[in-house]
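Next up: a single chain in structure tokens, the form predicted on its own.
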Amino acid sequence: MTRLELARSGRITDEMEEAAASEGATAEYIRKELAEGTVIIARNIIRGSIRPLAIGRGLRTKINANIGSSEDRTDPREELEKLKVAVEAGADAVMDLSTGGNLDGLRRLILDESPVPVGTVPIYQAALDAKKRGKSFVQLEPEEIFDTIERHAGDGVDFVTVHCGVTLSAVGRMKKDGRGNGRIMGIVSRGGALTAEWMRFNGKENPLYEEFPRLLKIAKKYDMVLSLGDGLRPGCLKDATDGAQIEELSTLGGLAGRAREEGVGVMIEGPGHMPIDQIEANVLLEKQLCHGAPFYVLGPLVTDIAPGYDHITSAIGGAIAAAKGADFLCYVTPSEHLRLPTAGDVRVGVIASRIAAHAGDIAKKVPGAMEKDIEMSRARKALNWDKQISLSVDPQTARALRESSPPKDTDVCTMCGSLCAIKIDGPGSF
């Protein structure tokens, strides 16, 4: 039985107990939400040694960090360093999005080394493996795509992104809406673009949609979470919340229901680039159309004009999305739109996303979220600098900044000095 089926049967497992303990929730709460599909646990049965990660309603907003090679950068050591940095900075999960070098070897290396859940996008490897065999991706048989997914699952991947909602109907709607003042960017998802091109060339429906039961069979075998990808997500603010995006979301809602019936956990991926005033509506739409399934969002990025600072644009959108009910934030680094991230970029991206998630958790009243800020406030009032640093989201940077400009009076900082309001006010001033 899968964990979803066990939860439906009323059984509380050790895994549920462990997930509940890390969330400050009861095991019965985790069981109930798993049974309803509003919480998922990301852990392939092969990876029983890692801590189970619970994502969904009423729980702390989680963070994912994307790592992985490219055709220009293929050194496995770089990716292992990114993995290490991401975990140390507080990422709850990582995705290996490698597209260069020995993909099987690198994925297995990351799985061996990662103490957190690992996700992948198998269609990338299907396309690159076809290229190595002298074939175009569009010449792949559905069998080859499913075989790649099974290979990832068999290696122990905890969740996979699958672009099941990129259908002939949705792509047709996007092209129709793209005339005149419609979409500027078209399809910006690599997996979505590959799938749409395969359908166009072959004149057939998306096999991941048409043969969805086959995908469920693989996921169920390994108790692997399906992350239903937003292949038609908006790639710029102008394209947000159009007909194609909403049609895909509606399709994913139907597929999520079918997955639950088969005992398979799912989460739904969301945009993308989006104006601030559309974020709440998109979260509410996902929760309505997908029956409360956990929502996994990239950003959202709230402006298109900040390359080099997109960790900030995405943190702004992520905080709003989390506050309105998003459950899982995919980080964005300063390198977004510019280059493959470095380990340093990964660290900055994780910290920015953690800040966004925490701000959202305060708004959602997640147990324990506000208490952290209250503790920090008490440390500030007491002018307890060591405790302030230890409580901060990034103690390393906080300590470095403090020590880079030492004050004459160690009670204060070099901003206010003897005019420090907290020291003047003191305890019991009134």
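In this text the structure is predicted, and so the values were computed from the model without any measurement. Don't overthink the numbering: it's just position in the shown sequence, from 1.
Quick note: we don't show the form predicted together with a further copy of the same chain, though the next part is all about it.
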*Want to guess which of 216 to 224, 269 to 277, 142 to 150, 288 to 296 is within 4.5 Å of a further copy of the same chain in the model of the complex, heavy atoms only?*
269 to 277
*Of Leu109, Ile246, Ala130, Leu340, which residue is found within 4.5 angstroms of a further copy of the same chain in the model of the complex when only non-hydrogen atoms are counted?*
Leu340
_Single option in Leu255, Leu83, Ala93, Val171 placed near a further copy of the same chain in the model of the complex, where near means a heavy atom within 4.5 Å_ = Val171
*asked:* Taking a further copy of the same chain in the model of the complex, would Leu237, Val393 and Gly417 all count as contacting it (heavy atom within 4.5 Å)?
replied: yes
*Ala21: touches a further copy of the same chain in the model of the complex, heavy atom cutoff 4.5 angstroms*: no
*Does the 4.5 Å heavy atom contact test between Thr241 and a further copy of the same chain in the model of the complex come out positive?*
no
_Does any part of Ile45 reach within 4.5 Å of a further copy of the same chain in the model of the complex? Heavy atoms only, please._
no
*Would Ala359 sit within 4.5 Å of a further copy of the same chain in the model of the complex, counting heavy atoms only?*
yes
*From first to last in sequence, which residues of 361 to 385 have any non-hydrogen atom within 4.5 angstroms of a further copy of the same chain in the model of the complex?*
Ile362, Ala363, Lys365, Met370, Lys372, Asp373, Ile374, Met376, Ser377, Arg378, Arg380, Lys381, Trp385
